[in-house]
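Next up is one chain by itself, shown in structure tokens, the form predicted on its own.
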Amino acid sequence: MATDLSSVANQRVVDTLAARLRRRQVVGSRETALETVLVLRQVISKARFSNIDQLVEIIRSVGRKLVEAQPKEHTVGNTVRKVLHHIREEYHTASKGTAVVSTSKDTLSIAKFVLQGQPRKQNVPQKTTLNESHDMLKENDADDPDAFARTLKPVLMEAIQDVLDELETVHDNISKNAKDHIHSDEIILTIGKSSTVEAFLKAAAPYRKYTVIVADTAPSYGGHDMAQSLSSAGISTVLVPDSSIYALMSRINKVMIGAHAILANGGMFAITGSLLVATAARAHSTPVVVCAGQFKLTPQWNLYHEYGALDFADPSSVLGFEEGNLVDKVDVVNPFYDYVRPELIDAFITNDGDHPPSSVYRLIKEAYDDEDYEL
């Protein structure tokens, strides 16, 4: 089985990103996803393969290495799955001759709706272009082993560019309908520093006058940066300590938070304190809205542990080592993320519309192929 990891150039670029992920030099869902796409594009552009199975194995081997380097950054695996999905889509289009007639298939129909999520091998192409496409796309050609890669690579580069464009414009696409979700004179609560929530709130500012209450999110205090950024954009902003969340919740109209990863059951991993906010909101029947790109959709479940992603920060920021007498008597836990159950969330606002937690499984089915759930 041919793999391209033996290539010195590809090996170097994959090892470099794996080391950066392992050392936490690349942090954040969107940043890790962008870095992963760029590495996959470079690997595919230099790869040698004579059939689709070899190409899939090359990408999977790269994905496994990056995921093992930092399993807590779920968007690495999500991005690899998304690229594999696009590659198979382009391959089936080229091999089954649907490229010529694709423009006439774009209209919505009941048949297309029923067939969504079904394996693409059941799609019946037009026979008039089938033989012509096979003449152009030759797998395992003994006379010219590179013919398959040479023919398919330009199309694959376009598909990867589509994934890259989606990541680069995700904040704009999520925020384009912000004014429809935020109303005048509302009081909105958020927690920590989320670039997606920040862009969403700023997009509504020219159209609505509202107030944002930002919890400071100890011990990281990311809420300070969030409050300063919103205030500089002309939004009425109030910074409060985490201990005031429950007391203020009766005055809150809406809770808006970000996500680190959205799981298959509709739950999510989010910054520490999100579970506190969501639980208080449920007690007061306050809607909880999550702003997140679809690249955070993860075909995984959280069934066995309480802390999101089992990822912990330095406990000294919670209880310093100078408190010697106390440190010896307690165990200090400082998790990065909370796990928020799906019943505590009312809606996800994504770059592809608004969805309830119960629809997440369908979005994952559409975004990834079943065989890629385990890389």
Partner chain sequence: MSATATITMSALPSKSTIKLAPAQSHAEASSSQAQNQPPKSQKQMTKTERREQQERQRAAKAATKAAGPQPSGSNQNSAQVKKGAPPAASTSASVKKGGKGPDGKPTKDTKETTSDDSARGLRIFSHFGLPKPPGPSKGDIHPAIIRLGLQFSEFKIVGANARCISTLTAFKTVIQDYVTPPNNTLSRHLLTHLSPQITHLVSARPMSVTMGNAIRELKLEISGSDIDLPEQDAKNLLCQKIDDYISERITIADQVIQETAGTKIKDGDVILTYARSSVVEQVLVGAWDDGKQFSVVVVDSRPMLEGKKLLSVLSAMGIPCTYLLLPSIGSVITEVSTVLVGAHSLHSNGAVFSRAGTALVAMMAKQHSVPVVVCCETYKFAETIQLDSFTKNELAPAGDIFSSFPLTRSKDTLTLNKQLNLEILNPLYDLTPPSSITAVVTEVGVIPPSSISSIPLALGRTTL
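Numbering follows the first chain given and starts at 1. What you are looking at is a predicted structure, and each value in this text was computed from that prediction instead of being measured. Definition used throughout: the rigid core is the maximal C-alpha set that superposes within 1.5 Å between two forms.
We do not show the form predicted in complex with the partner chain, though everything after this point is about it.
Participant: Would all three of Ile187, Asp216 and Gln228 be in contact with the partner chain in the model of the complex, where contact means some heavy atom lies within 4.5 Å?
Facilitator: Heavy-atom distance to the partner chain in the model of the complex: all three under 4.5 Å.
Participant: Only one of 166-174, 250-258, 82-90, 292-300 has heavy atoms within 4.5 Å of the partner chain in the model of the complex; I'd like to know which.
Facilitator: Comparing against the partner chain in the model of the complex, the contact stretch is 250-258.
Participant: With the partner chain left out of view, which of Ala94, Ile182, Ala159, Ile245 would have a heavy atom within 4.5 Å of it in the model of the complex?
Facilitator: Looking at the other structure, the residue within range turns out to be Ile245.
Participant: So, Tyr207 and the partner chain: in the model of the complex, are they within 4.5 Å at any heavy atom pair?
Facilitator: Flag for Tyr207 set to no.
Participant: Using the partner position in the model of the complex, report whether Pro154 sits within 4.5 Å of the partner chain, counting heavy atoms only.
Facilitator: Result no; Pro154 lies far from the partner chain in the model of the complex.
Participant: With the partner left out here, check for me: in the model of the complex, does some heavy atom of Asp338 sit within 4.5 Å of the partner chain?
Facilitator: Result yes; Asp338 sits at the interface with the partner chain in the model of the complex.
Participant: At the 4.5 Å heavy atom threshold, is Gly273 in contact with the partner chain in the model of the complex?
Facilitator: Yes.
Participant: Out of 230-246, which residues reach within 4.5 Å of the partner chain in the model of the complex, heavy atoms considered?
Facilitator: Result: Ser231, Gly234, Ile235, Ser236, Thr237, Val238, Leu239, Val240, Pro241, Asp242, Ser243, Ser244, Ile245, Tyr246.
Participant: Verify the C-alpha shift of Val330 between this form and the one not shown: is it 2 Å or more after superposing the core?
Facilitator: Indeed, Val330 is displaced by 2 Å or more.
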